[in-house]
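Form predicted alone, single chain, as structure tokens, below.
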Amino acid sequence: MKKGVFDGIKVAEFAAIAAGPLIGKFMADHGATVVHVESYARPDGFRSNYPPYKDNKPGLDRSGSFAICNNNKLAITINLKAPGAIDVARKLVQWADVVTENFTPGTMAKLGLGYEDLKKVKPDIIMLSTCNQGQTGPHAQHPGFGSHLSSLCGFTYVTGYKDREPSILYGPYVDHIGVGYGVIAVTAALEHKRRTGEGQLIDSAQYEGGVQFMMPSLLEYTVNNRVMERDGNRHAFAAPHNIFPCKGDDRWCVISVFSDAEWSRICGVIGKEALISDPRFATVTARKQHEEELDQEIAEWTSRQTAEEAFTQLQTHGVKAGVVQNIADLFTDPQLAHRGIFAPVDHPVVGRTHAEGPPFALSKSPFKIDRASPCIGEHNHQVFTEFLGYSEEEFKKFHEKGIIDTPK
């Protein structure tokens, strides 16, 4: 069996919700042993605060959000505020190669688990601190959420129509950008450690990761001093560039045409070759000046096709087009199925569900998803006795002292 690229790497994860745990998940998918730390007093927020839940019944082990971010991991419960708990947490750090956390900046240090503290127990430890706006700066302590960050980055300002208010970009978009950078940063730190023996602190600001994805707007401003404005589904250099109605209930396809050659091809597909040389549409500049008429010509054809038919015909002739898919479509998408992006796993409470694979494939060390997300505290005994070497008696005392957190 081929080894994962992170085989042998041990991660102590003091992170919760999305960005931090997803970094650990991708490492676990590639072979790392990841121990997710939480407590019943402070469970991962995805267990308790964010639907969906199995059968719409809330429960710490019924969360779909937690399930999709934490497959292949082990879970333990440490009440970090219990007397003696920090010493146990430091023992876990001694076991680990990497510590990840996404508390508000300074929280780990207040607990006695800051990077300077951890270096004393594990000099070559790699610590990834990922949060909204970084560990330093005037806004470092600001609480935030996904729409907060996408608005700070500028996504909200450019999303929507000219004559309407800005539209919030759906979901924790920037959080997931931070995940990619987090995995890259940890990988780089592990390589640095392999070469030098040195650990280090990674200060990852999700805000700064999101700004990277505003590059066209940044360039427009830095080069031309122009602020990019909202323009609906339009594109400055492409026409048509829009979504178009298709047969069926709320079905749409998306089409973008950047060149005159593509324009000729789409006219052939929709059976309107006369439009190729029509002065209103013959060049990109002309098409941009007559976009309303242009879109009507395209929509007249797409409305007689299913989204799949339109997509297939256009792609067959080299026109950039796609189905505007809903979530159900993703689970029948032949491309995603071929790539194995959704792996079936069986959870003891949720039942059969699908874990999400990483969006890249390594030919020599493929990822593997073979375990559903853990129930809260599911691996307490294994981690404390096998990994950390505590005796059964010590394990029992940790329970009695409330260090190993249990349901109240």
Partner chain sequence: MEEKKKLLENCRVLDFTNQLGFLCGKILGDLGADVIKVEKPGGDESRNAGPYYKDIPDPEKNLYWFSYNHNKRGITLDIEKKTGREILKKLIENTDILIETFAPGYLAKLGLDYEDLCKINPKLVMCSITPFGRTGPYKDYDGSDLIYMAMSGFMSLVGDPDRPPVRVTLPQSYMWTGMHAAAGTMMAYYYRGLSGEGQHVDVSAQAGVLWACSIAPSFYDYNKELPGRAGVFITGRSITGAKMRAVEPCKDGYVNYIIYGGPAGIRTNMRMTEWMESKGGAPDYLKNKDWKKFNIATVTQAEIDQIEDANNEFLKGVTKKEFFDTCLEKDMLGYPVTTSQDTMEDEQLKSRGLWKEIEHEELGTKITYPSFFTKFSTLACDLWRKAPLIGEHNEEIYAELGYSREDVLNLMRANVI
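Residue numbers count along the first chain shown, from 1. Everything quoted here is computed from the prediction, not taken from an experiment.
Just so you know, the form predicted in complex with its partner chain exists too; it's not on screen, but the next bit is about it.
*Asks:* In the model of the complex, does Arg304 have a heavy atom within 4.5 Å of its partner chain?
*Replies:* No, no contact at 4.5 Å.
*Asks:* Please run the contact check for Glu292 against its partner chain in the model of the complex: heavy atoms, 4.5 angstroms, yes or no?
*Replies:* Taking the distances in the model of the complex, the answer for Glu292 is no, it never comes within 4.5 Å of its partner chain.
*Asks:* Does any part of Pro348 reach within 4.5 Å of its partner chain in the model of the complex? Heavy atoms only, please.
*Replies:* It does not: once its partner chain is placed as it appears in the model of the complex, Pro348 has no heavy atom within 4.5 Å of it.
*Asks:* Flag Ser39 as yes or no: does it have a non-hydrogen atom within 4.5 angstroms of any non-hydrogen atom of its partner chain in the model of the complex?
*Replies:* Contact check for Ser39: no, nothing within 4.5 Å of its partner chain in the model of the complex.
*Asks:* Name the stretch, out of 284-292, 269-277, 76-84, 217-225, where some heavy atom lies within 4.5 Å of its partner chain in the model of the complex.
*Replies:* Heavy atoms within 4.5 Å of its partner chain in the model of the complex occur in 217-225.
*Asks:* By the heavy atom within 4.5 Å rule, which residue out of Ile168, Val121, Ala109, Ala299 makes contact with its partner chain in the model of the complex?
*Replies:* Selected residue: Ile168.
*Asks:* Along 169-195, which positions have a non-hydrogen atom within 4.5 Å of its partner chain in the model of the complex?
*Replies:* Residues within 4.5 Å: Leu169, Tyr170, Pro172, Tyr173, His176, Ile177, Gly180, Tyr181, Val183, Ile184, Ala185, Thr187, Ala188, Ala189, Leu190, Glu191, His192, Arg194, Arg195.
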